[in-house]
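Form predicted alone, single chain, as structure tokens, below.
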Amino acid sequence: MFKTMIGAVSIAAMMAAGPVAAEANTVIKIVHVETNPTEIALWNRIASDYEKLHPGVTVKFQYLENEAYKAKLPTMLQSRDRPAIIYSWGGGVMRAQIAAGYIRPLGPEGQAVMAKMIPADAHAYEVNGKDYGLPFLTSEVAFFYNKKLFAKAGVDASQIKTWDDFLAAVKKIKAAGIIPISVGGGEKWPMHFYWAYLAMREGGANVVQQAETGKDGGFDSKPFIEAGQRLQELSALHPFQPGYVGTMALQAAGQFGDGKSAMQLMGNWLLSTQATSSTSGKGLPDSDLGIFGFPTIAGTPGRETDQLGGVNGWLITKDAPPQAEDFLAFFFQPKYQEQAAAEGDYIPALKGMTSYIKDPIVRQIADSLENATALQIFFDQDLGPSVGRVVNDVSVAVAADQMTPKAAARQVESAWKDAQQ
């Protein structure tokens, strides 16, 4: 009888200890590509705050360089040791991950947070009527410029409104002995910003959606061909730094931060990467930085308020512990997002955060996004991984005069058709 009671007590103790042991071994692994030190510091603080309130739970943020992340993520998702939360740009890449069964839809906690998001940002993570992720930032691609170099070249950025204005400014800057533009052609995606924006200006904000339906030849249609022609028109002026085809994105950011180029077409994360990647680690001071939107093209439907950008967020993977979604709900508390906005780390997707933005350039971008007539997600993300790679490849090939605009458009259309089969 005594042995039986001991056995019963032992079993009961083991059953009671089971959840505690499981909790003690719970690790929420989160992979991301962010490099901003103040942003990472905030995230680590959020993780620490969460761990204090949840003994036995460990939150681990793991950084991977942008291209390494894209290359390794498919294998990571197939692994039994896949991360619980992954960084996402939404679009076709996300849809492919969902279709493959690697991502699970949000539960009640996530849905409650999603209701507090800016509607346009929230919509970017909806697939077939279900919400699969939580956007934490929104971004816009624009031209950042060095005010001192513009002044030296006698260029007034406020007068750059059209594509012809832009080309004239490039010629003037080059004539002053200054490299007009730095670009990370080695990673290809930075060059796709030119091809994408030019296609949007030539064909209007819905040019991608129309191409996806096959209208007028799909991606092998006039707007995309003319986008390539415009890109070659720019490239013929030799505006980029020597060796741009092999330059990595952070290298190009550092060159801009070191004052070696007058402009860079990039997302607003350049505000941090131009500093951290510069020789001094400080980059250009805020007083030397300016910004202007991608120019319009006379006689085309594209509007200056049609923006190219991104809605970056978090996705929860299949078999992630329940604490993963709970942590994301904790992550999106207003006090943390207010801090992110105030420090200029990023433009939060949570409603009501714009008023906390102090940095004048970030505030300018936030206002631009708020007044945007359209926000097209980066082509290489929106069109899915296989088509996106082709978009990036042909953008550099066209700029380097290694491919005709017509051949580039045809390759994208072919890749799109193949992806639909």
Partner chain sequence: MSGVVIRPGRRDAGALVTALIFVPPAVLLFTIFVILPLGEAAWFSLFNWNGLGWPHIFLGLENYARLFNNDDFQTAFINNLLIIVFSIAIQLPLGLGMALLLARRAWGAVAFRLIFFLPYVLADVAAGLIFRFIFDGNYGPVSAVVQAFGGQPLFMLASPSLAFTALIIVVVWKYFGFHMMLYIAGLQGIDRQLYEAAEIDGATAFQRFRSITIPQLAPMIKLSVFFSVIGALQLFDMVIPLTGGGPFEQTNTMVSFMYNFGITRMRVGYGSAVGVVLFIVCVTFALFYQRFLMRDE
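Residue numbers count along the first chain shown, from 1. We call the rigid core the largest set of C-alpha positions that still match within 1.5 Å between the two forms. Worth saying up front: this structure is predicted, and the values here are computed from it rather than measured.
What comes next is about the form predicted together with the partner chain, which is not displayed.
Per-stretch contact check against the partner chain in the model of the complex, the hit in 97 to 105, 192 to 200, 284 to 292, 335 to 343 (non-hydrogen atom, 4.5 angstroms): Partner-contacting stretch among the options: 97 to 105.
Within 4.5 Å, heavy atoms only: does residue 407 come near the partner chain in the model of the complex?
No, residue 407 sits far enough from the partner chain in the model of the complex that none of its heavy atoms falls within 4.5 Å.
Whether residue 242 contacts the partner chain in the model of the complex should be assessed with a 4.5 Å heavy atom distance threshold; does it? Taking the distances in the model of the complex, the answer for residue 242 is yes, it comes within 4.5 Å of the partner chain.
Legend entry - the partner chain contact in the model of the complex: residue 34, any heavy atom under 4.5 Å: Taking the distances in the model of the complex, the answer for residue 34 is no, it never comes within 4.5 Å of the partner chain.
Subject >> Non-hydrogen atom contact residue 389 with the partner chain in the model of the complex at 4.5 angstroms >> reply: Close contact exists here: in the model of the complex, residue 389 approaches the partner chain to within 4.5 Å, heavy atoms only.
- Ok, 171, 260, 82, 116: which has a heavy atom sitting within 4.5 Å of the partner chain in the model of the complex? Here the answer is residue option 260.
Query raised in the report: Out of 264, 139, 255, 272, which one falls within 4.5 Å of the partner chain in the model of the complex, going by heavy atoms?
Result: By the 4.5 Å heavy-atom cutoff, the listed residue in contact is 255.
Exercise. Looking at the partner chain in the model of the complex, do all three of 251, 396 and 402 come within 4.5 Å of it through at least one heavy atom?
Worked result: Heavy-atom distance to the partner chain in the model of the complex: all three under 4.5 Å.
In sequence order, which positions of 181 to 214 have a non-hydrogen atom within 4.5 Å of the partner chain in the model of the complex?
Contacts from 181 to 214: just 188.
_Taking 2 Å as the cut-off, check whether the CA of residue 69 shifts that much or more between this form and the one not shown after a rigid core fit._
It does shift by 2 Å or more.
Quiz prompt | Is_shifted residue 317 between this form and the one not shown (CA, 2 Å cut-off, rigid core) | solution = Yes, because once the rigid core is superposed, the C-alpha of residue 317 moves 2 Å or more between this form and the one not shown.
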